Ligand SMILES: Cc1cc2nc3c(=O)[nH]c(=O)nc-3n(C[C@H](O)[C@H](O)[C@H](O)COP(=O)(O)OP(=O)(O)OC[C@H]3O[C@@H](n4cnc5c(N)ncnc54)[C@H](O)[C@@H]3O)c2cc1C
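Next up: a single chain in structure tokens, the form predicted alone.
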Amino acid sequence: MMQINERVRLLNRASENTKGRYVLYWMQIFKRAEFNHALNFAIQEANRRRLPLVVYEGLKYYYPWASDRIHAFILEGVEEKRRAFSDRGIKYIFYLQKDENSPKQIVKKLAENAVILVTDDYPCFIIPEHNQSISKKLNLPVYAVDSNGIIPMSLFDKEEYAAYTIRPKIKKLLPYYLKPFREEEVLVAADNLQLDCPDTEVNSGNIAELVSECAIDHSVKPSRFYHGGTNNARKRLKKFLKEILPNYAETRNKPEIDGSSRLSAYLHFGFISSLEVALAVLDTEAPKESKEAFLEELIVRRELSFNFTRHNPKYSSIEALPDWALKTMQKHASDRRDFIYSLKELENAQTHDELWNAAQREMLVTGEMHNYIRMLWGKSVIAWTSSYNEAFEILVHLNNKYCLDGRDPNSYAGILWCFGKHDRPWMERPVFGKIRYMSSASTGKKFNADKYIEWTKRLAKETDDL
């Protein structure tokens, strides 16, 4: 593996396919036609060789937690990408692999006629394994490009301990990277390029049918509240900038109102870039404190999570916790729990705690959970399960199964924060030891908890009535 520049890594040592007819970009997680460093790099490489560019995006049926909700959200962004790439002279192929009888190894087949392969560099979930596997299978160079955040991940050569250690480094680098994005234009159009490859027609009218034909979890229904695609991401961003950002410093921790960005799912699937969002925020006349509060989360906290998953191979277990947290859990492992709930009870929001149940209902019904209440949601499960490992596994499972923004560096960092990651020791208490404690009684006093609870009950009833 070789770092070519601050955003590009060469994953193997293969020679170029001199008989190749195009450059191939395998789009895995940056599902957008603009503000995309991986796409830009692929265009540059195609232009340098005077070749057309092919963009391939596939959706398998067997990824972890595959469901109607995630499938539909991804499919909702396909039609607009096809138009966007066509307008730019780029060949775009989308293939939906429905079941075990569907054609497989499509990337490998397309690569037979490619000069090089470019793909997305993403530090967690299934993408690192995909990249490692394809770089070994192909007899041509494979480049992975980082378009995750504003600051390239490679500029931080080790895992940062917490926000306070990465924040000054980010602020020092921001003037060099928080700038308008220069889009590359293709020199050789792919309009007449013929490829022997399955290509799934996706439009707003056939998404439900396509999803129903896939061998996935049909019990997790598509969200009625959040729909995929860059257009929908920009629509939400526009609403946030105009109606929410001016008061964001006061409303962001109030889950009973629409007072936060709700952009996390769009950022996770790469429908929108954090750079585009940050530039749009800076271009508003919102109060300084609101801008700073939002950019702290969008840049510092988000890029801290990418730094964590990039440098810590144990990011998906409690072994990634700091020593003090591991020691305090070991000390309190046998502490008595007042309540023990099964996975089924937690999943179905059947606990004694109405505020916690409301948070779980929001996730079940909408596909998201307000970030402020999500902290309480995670902390409570620690207290209601027989071991810390069990609590962690349940939180990861529920979050990744139901949340559209799950399976993300922010997901793993956020859940581990509940166990002490990126935090400090607090006053010792049963079960939690020195891990920060939160309760529904105290948390619910900081916003209108009754209003939030009733809102989630209404959402659940409306969904049941459909």
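Throughout, we count residues from 1 along the sequence that is shown. If you're wondering where the values come from, they're calculated on a predicted model, not measured in any experiment.
Just so it is clear, the following notes concern the form predicted together with the named molecule, a form of the same protein that is not shown.
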Each of Glu297, Trp377 and Asn399 near the named molecule in the model of the complex, meaning some heavy atom within 4.5 Å? yes
Quick check for you: of 428-436, 39-47, 53-61, 414-422, which stretch puts a non-hydrogen atom within 4.5 Å of the named molecule in the model of the complex? 414-422
Checking Phe392, Tyr248, Phe156, Tyr315 against the named molecule in the model of the complex, the residue with a non-hydrogen atom inside 4.5 angstroms turns out to be Tyr248
Identify which of Lys291, Arg310, Arg302, Lys254 has a heavy atom within 4.5 Å of the named molecule in the model of the complex; exactly one of them does. Arg302
Verify the contact flag for Leu210: yes if a non-hydrogen atom of it lies within 4.5 Å of a non-hydrogen atom of the named molecule in the model of the complex, no if not. no
Could you confirm whether His370 comes within 4.5 Å of the named molecule in the model of the complex, counting heavy atoms only? yes
Does His130 reach the named molecule in the model of the complex if we count a contact as any heavy atom within 4.5 Å? no
Are any of the heavy atoms in Asp405 no more than 4.5 Å from a heavy atom of the named molecule in the model of the complex? yes
Heavy atom within 4.5 Å of the named molecule in the model of the complex: which residues of 252-279 meet that condition, in order? Ser260, Ser261, Arg262, Leu263, Ser264, Leu267
